[in-house]
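Just one chain follows, in the form predicted on its own, and it is written as C-alpha cells.
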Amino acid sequence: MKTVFSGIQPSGLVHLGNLLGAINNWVKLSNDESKNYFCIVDLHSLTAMPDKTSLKTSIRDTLKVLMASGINMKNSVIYVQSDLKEHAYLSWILSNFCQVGELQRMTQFKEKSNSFGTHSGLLTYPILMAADILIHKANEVPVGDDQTQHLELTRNIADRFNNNYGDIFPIPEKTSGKSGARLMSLRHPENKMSKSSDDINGTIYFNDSKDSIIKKFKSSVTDSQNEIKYDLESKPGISNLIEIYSAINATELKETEKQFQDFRYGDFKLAVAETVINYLEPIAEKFEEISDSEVDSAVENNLKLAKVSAELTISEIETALGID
C-alpha cells in the first residue's frame, strides 16, 4: 500500500482555491487504496510571523474544514505539525544533506524574501517540508507546479541520505493523476487566490454567504471581448472562471467552453457563482455541526497514529546514523 503525504498552512480562512486546488484531491485520495497523512503545517506558517490568536483560530478552523470536506477518515490521518516534534528533529538531520546554494535558488525563497526578509526560517523552509514528507516515508505527494521544485529537493535529500546510510527512505513521486485546479483571484487574475485580507473581494471563502459569493463573481475582472474561451494569456479572468466551473463539475475545460459558448459574461458569472454556492453549502453546514469535542477527539486519535509512524522512522534513522 502506498503512503501519501500532503500539508496545508493555517494562514487564514480556507478558501475556494484551497478546496479545489488541494483538499478536493485529498478527498479522492482518501478513497483510494493508500495510507494518507494530511497535515496542518503550522510550523511553516511561522515564517510570516502570524498573530498568535489568529493562528490558533486558523488551526482549529482548518481542521474542521478538513473534517467537513468529506475526507475518508478510515485510511487518513489528520494532525497538526507542531504536535509531532519528530518533524523538527528530522529537519535538523536532513539539513546536513542539503547545500545552502540549493536553498538560495528556491524560487519561493526569492519571491517571499521580498515580503518577509531573508531570515533563516524562510531559507530552510524546504528542508522542513522534506522532513514532513519523509517522516512517514511517503511514496507520493500531491503538489502543484509551484511546489515541484521543493519536491525535487526532497528527492535529492532522500537520495543522498540513502547513498550514505542505506535505503531508509523511498524516493517520493508527484502524485499521478490529475492535479487540483490552480485558482486565481477574481479581482487580480494574474495572482493566486489568497487568504490575505487585502484581496478579500477576489477570494471566495468556504463560509461566504450566497449573496457575498454572487457579488464577488459579478464584480470579477474579465475582458471586453465577451467570448467564453480558455486563454490564460489574453483572457486570464474568463479562464479562471472556466477553471472553477470545470473543477467543481469534473469536466474538461473544452466542455465548459462549449457549454457556455453562447452565454454573455454576466450570465456566465452567475452560472459559475451558483455552482460554487452549491459546492460550498454542504461543507459550510457540516463545519457548523462539528463540535469542539469532536475536533479534540479526532486530533488525539490521529496524533497517536502519526506518532507511531514517525517514531518508527526516527528509530531507523538513528540506528543508521549511529545515534540510537
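Given the structure is predicted, the values throughout are model-derived calculations rather than measurements. Counting begins at 1, following the sequence as shown.
Beyond the structure shown, there is the form predicted in complex with a small molecule, which is absent from this document and is the topic of what follows.
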| query | Can any non-hydrogen atom of Thr251 be found within 4.5 angstroms of the small molecule in the predicted bound form? | reply | no
| query | With the cut-off set at 4.5 Å between non-hydrogen atoms, does Asn139 touch the small molecule in the predicted bound form? | reply | no
| With the partner left out of view, is Val143 within 4.5 angstroms of the small molecule in the predicted bound form by any non-hydrogen atom? | yes
| Using 4.5 Å between non-hydrogen atoms, is Ile157 touching the small molecule in the predicted bound form? | no
| said: Using a 4.5 Å heavy atom cut-off, which of 185-193, 229-237, 216-224, 68-76 contacts the small molecule in the predicted bound form? | reply: 185-193
| query | Are all three residues Gln9, Gly21 and Gln147 in contact with the small molecule in the predicted bound form, where contact means a non-hydrogen atom within 4.5 Å? | reply | yes
| remark: Only hit among Ala181, Leu84, Leu122, Leu153 for heavy atom within 4.5 Å of the small molecule in the predicted bound form is Ala181
